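Listed next as structure tokens is one chain, alone, in the form predicted alone.
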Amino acid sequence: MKLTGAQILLEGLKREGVEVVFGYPGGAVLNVYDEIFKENFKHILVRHEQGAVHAADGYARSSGKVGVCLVTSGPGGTNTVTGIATAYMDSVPLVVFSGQVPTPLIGNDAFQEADIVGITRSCTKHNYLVKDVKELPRIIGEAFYIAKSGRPGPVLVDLPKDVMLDSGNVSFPENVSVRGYHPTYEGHSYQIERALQLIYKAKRPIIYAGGGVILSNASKELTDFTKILNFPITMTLMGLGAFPVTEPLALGMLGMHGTFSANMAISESDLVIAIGARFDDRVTGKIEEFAPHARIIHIDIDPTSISKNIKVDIPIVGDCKRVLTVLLKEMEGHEDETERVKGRVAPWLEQIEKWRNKHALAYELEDAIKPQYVVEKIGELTGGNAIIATEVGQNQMWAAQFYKFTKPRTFLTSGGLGTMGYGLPAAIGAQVAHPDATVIDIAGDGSIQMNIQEMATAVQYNLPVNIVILNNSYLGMVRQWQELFFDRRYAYTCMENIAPDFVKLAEAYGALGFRVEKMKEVVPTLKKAFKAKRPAIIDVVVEKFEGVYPMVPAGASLKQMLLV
């Protein structure tokens, strides 16, 4: 077929099964946008390129598909960098198409030129500069293959304007392969057998599940594995929803703001089975004192993540779903071994229950509205069936602690990079992917302002995203650190009297706006907002100095938790 570069791009997107593109037009990609218009291809116009990447990210996390966005050259590309880095840290499959100045002008400081390939090299799984229109079909196929295979991640494709205008006889490859790139999906049988031997000997085991379980769609296998062995399980921030937190074996989240029982259990365990997790510093605390008595099994598709932060005893490189499937199959016919290990583990479960009862997640109800109460009521009103996005900070941690996640792909949050402003555009992306779902962004009054312009996107496309602002008039998490470690010197964290009127702001965008100042107003207002099925901001004035606890101070071990 003889097609222009812009036509090839649209044809490539169709062949990859892309249903929607999030983007913002500009001079370098006008011919691409003209093809989108002529083809009536679904496109969501955001109000900032960072919002486009976060929206594509939320779409990808909630749907399991590759998220796609399209931006122009120069500042259009540079505005995507934070979103790309966010996706890279959390292993989210994205393909970002950026416009570029014509190839003869590259390197000449042309108008709206930026070396986006160089800029994003450290925060993409791979990136491309397309130099010939004949290369474009191959590059599109490779970009999607790389983004979604192995450990997923973002891929950037830079599109010079003249390449998009050029035309030629092109064909799309039937199969995609990339030289030197061959992810390992099947775990080594010898390592799996060694892991089973440790599992059957364990007395104080714990399963430590991360976001890789969700990315590989292995939640069912993880649940079966956990229940057959009757082992306690804890999850990372990114792993919440991989195993129902309502189950008795679930200890909730571990790490800096994890539960007392999870942190104590991993510290006193004799076997840690890490599945799809990367031993992030927010999980391990002081590395030298992380699980000091335990042998460690680590299952992960990324070989570079194994023994990078914590030395492990039995590495298993492979896809979580496939490795767990083999483990489950190997356990068949060994019911006697399974029953014996259950008997050995029974005293351990009793000890964990004592820890759970001693310091359960809790808060005291007072006249002021407690943010934890708001999160709990959101869970009750939605039956735990909503898709929850968050901003970053205290709002994020309260959501992780007090919302009962029971299903994968229902919690969207920036874990690795900690990007304020992530939640609203991510919620928009999730709402596009799931038009009939209840999608809620749990936000802070500081972080919501980072990308508040995307309210216009929600209103334009009638996406009924609800933003619940836990408004404490501070940059809350930073204020908490200042309170604990800087003698309450609240340097530039107080937002009181300088934040906007969020109700008026919502109305200015054409959305619904609500303010809640009394405890008795929380439930009726949330009900009203959720029932309206329109974009809405619910501004909840909460206790200013409420903290997120437990908390492990930086550099401390997981057992050195601040509990109040």
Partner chain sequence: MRHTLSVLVENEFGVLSRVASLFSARGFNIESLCVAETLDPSLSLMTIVTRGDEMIMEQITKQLNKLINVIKVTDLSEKKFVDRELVLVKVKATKTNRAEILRIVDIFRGKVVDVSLKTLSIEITGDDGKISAMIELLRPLGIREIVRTGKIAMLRAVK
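A quick note: this is a predicted structure, and the numbers were derived from the prediction, not measured. Numbering follows the first chain given and starts at 1.
What comes next is about the form predicted in complex with the partner chain, which is not displayed.
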Self-check item: One stretch from 384 to 392, 407 to 415, 488 to 496, 297 to 305 that, in the predicted bound form, holds residues within 4.5 Å of the partner chain by heavy atom
Solution: 297 to 305
Quiz item: Do residue 127 and the partner chain share at least one heavy atom pair within 4.5 Å in the predicted bound form?
Solution: yes
Quiz prompt | residue 181 within 4.5 Å of the partner chain in the predicted bound form, heavy atoms | solution = yes
Quiz item: Even though the partner chain is not shown here, does residue 439 get within 4.5 Å of it in the predicted bound form, heavy atoms only?
Solution: no
Quiz item: Do residue 325 and the partner chain come within 4.5 Å of each other in the predicted bound form, heavy atoms counted?
Solution: no
Practice problem: Tell me, out of 356, 151, 161, 321, which residue has a non-hydrogen atom within 4.5 angstroms of the partner chain in the predicted bound form. | Solution: 151
Quiz item: Given that the partner chain is left out here, which of 176, 459, 310, 198 has a heavy atom within 4.5 Å of it in the predicted bound form?
Solution: 310
